[in-house]
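First, one chain by itself: the form predicted on its own, in structure tokens.
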Amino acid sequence: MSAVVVFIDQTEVSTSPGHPVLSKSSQELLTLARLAGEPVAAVAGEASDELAAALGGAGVSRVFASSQDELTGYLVAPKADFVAQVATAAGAAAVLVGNNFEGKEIAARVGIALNAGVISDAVGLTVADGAITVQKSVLAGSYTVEASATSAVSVISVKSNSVDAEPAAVPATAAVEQFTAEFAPASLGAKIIERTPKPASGRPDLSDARIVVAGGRGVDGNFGPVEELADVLGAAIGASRAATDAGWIEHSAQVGQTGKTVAPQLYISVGISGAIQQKAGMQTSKVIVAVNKDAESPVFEIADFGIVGDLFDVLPQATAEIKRRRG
């Protein structure tokens, strides 16, 4: 089987007790990698015994780990150098990375280094006669097309929540190899001089949350009812671009074409019209509930359940009822 390199970035992962060793997005990438060939992990950061065990459970038998400080002290370019050189060393037929801003930059740089075709916004893949065909989301998620690279190596950035993460049917024993990458001088041209930890909110991460409550222009600057409902449900908070551009909530909460893609079990859309840019980030949610006082709002076209009403009346009632039923 052909090797498929999966980039695992541990440089930003918390090592606190109870924190998953492998992120949900990494588990999704490894699940897809097993479909395409033999998964090989390119680990940026610490490759602990716990991580090796988790990778083995995902079917990875070979792990390339970088001990270079440059991967944490500089911007994304050294990570791309590392991934490209691991792909060459492993004789990879494909490289899988996340589809976030950093992942897409890594994909582009790796594509240049390997003279490889790059496919972004992937939501799935199939393999036939050794050839990889990628399902790719286009036009703000309105269509899914199939694409394949004509080069020897395919570099693919995969949207999170596009596949259900599953362990390997037959676990492997992951052998860790320390790998020293050679960095181009230009890759070390921009250095990180300071890091500020993001304040903990106590809520789940938006990309991985099973329940998301998202507010839009209709909240008119008041996310209080949205936050109260989210907290009683143990949900993450999302927002439309209109809400983040208005400064009502941080941009990291944005869901949509230019924000994050989520696919929770339950997505509650509050005061959001449901324009195509927003749909692109949430339309694969298992159940969508929309609350909007405009009965003609486009969001009702994709909602499983719709409530026509003022969110400032509907949400407090929902929050109170949930609390009552939970005693």
Partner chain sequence: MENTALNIAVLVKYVPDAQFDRHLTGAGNTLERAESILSELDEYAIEAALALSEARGGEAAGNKVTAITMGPASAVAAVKKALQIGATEGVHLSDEALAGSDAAATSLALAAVVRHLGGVDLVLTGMASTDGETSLVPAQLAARLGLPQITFASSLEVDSSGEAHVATARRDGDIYAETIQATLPAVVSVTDQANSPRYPNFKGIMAAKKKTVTALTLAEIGVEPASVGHEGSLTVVKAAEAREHRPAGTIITDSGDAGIQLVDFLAAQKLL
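Predicted model, so just to flag it, every value in this text is computed and none were measured. Residue numbers count along the first chain shown, from 1.
A second form of this protein, the form predicted in complex with the partner chain, is not displayed here; the remarks below concern that form.
Proximity to the partner chain in the predicted complex holds for all of I119, I193 and T258, with the criterion being a heavy atom within 4.5 Å. The partner chain is not drawn, but in the predicted complex it has a heavy atom within 4.5 Å of A147. The partner chain in the predicted complex is approached by T284, whose closest heavy atom lies within 4.5 angstroms of it.
Residue contact check for A108: one or more of its heavy atoms lie within 4.5 Å of the partner chain in the predicted complex. Proximity of D245 to the partner chain in the predicted complex falls within the 4.5 Å heavy atom cutoff. A heavy atom within 4.5 Å of the partner chain in the predicted complex is found for one listed residue only; from A165, A89, L75, V127, this is L75. Residues F300, I302, A303, D304, F305, G306, I307, V308, G309, D313, V314, Q317, A318, E321, I322, R325, R326 are the members of 292-327 with a non-hydrogen atom no more than 4.5 angstroms from the partner chain in the predicted complex.
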